[in-house]
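Let's start with one chain on its own, the form predicted alone, as structure tokens.
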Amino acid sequence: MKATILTIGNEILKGRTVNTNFSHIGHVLTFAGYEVYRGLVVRDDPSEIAWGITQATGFSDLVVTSGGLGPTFDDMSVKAIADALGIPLETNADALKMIREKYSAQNMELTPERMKMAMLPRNAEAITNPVGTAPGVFFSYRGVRILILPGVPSEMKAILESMIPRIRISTVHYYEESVVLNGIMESAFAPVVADEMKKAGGSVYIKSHPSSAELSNPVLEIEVSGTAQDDATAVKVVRTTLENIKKKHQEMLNKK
């Protein structure tokens, strides 16, 4: 199943904020059994958010967004997404209760800006935010599941973690492992990578990551990942390939 990550925020596009949310969400979704197919970054602009969600829902089984759930004028993700999909907004009773409890605990009143965070797409589910105030949002649109998360990393991580049991694909088990090879250039080891990929018949994916200059003291990390119908099989196919790679590496060193 395919997943798309939609990150929303001017601060990311202008380089003020590093998009660590994308890497975390991508990691979680991969281990939850999804192929993370695309990552889109758009401005805090209704038309751009609409473009992003329209693109993402066109080919994905799951769309996860981050950013734009707060009380300020530029927190417009929920409304922009709902408008783009033609879903009316309404006050969500559960979201309102969550928000009221958060502010009441601090002896604060519910201002219009705070009430705004309780306006969700019709029939959407409000997801408890254990770290901040804005609830996460979860709903389906034409068979595509959409999870809208805050942009604050700690809030995003907490809500996403709580949703893993619900979005995980139980029939897909992912595993990855790496080995660091010294003294072998990436270009020299490329035929080995291609050969092992062919022998595995699509059960694994091999990616080489050079961490130094190719022509002087090369260091190469080889990452092997695979999916299977159970954890044991996924681990086995990955480690079998890794052992073959380490053996080929030693053979190449011996020939020097």
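Being a predicted model, the structure only gives us computed values, none of them experimental. Start at 1 and count along the sequence shown; that's the residue number.
Although it is not shown, the form predicted in complex with another copy of the chain is what the next lines describe.
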Worksheet entry | another copy of the chain contact at residue 162 in the model of the complex, heavy atom, 4.5 Å | no
Worksheet item: Does any heavy atom of residue 196 come within 4.5 Å of a heavy atom of another copy of the chain in the model of the complex?
Response: no
Worksheet item: Would residue 141 count as touching another copy of the chain in the model of the complex under a 4.5 Å heavy atom rule?
Response: no
Worksheet item: Can residue 83 be called a contact residue for another copy of the chain in the model of the complex at 4.5 Å between heavy atoms?
Response: no
Worksheet item: Which of these residues, 128, 72, 123, 171, gets a heavy atom within 4.5 Å of another copy of the chain in the model of the complex?
Response: 72
Practice prompt. With another copy of the chain left out here, work out from 74-82, 162-170, 142-150, 87-95 which stretch has heavy atoms within 4.5 Å of it in the model of the complex.
Written response: 74-82
Worksheet entry | Residues within stretch 48-65 having a non-hydrogen atom within 4.5 Å of another copy of the chain in the model of the complex | 48, 51, 55, 59
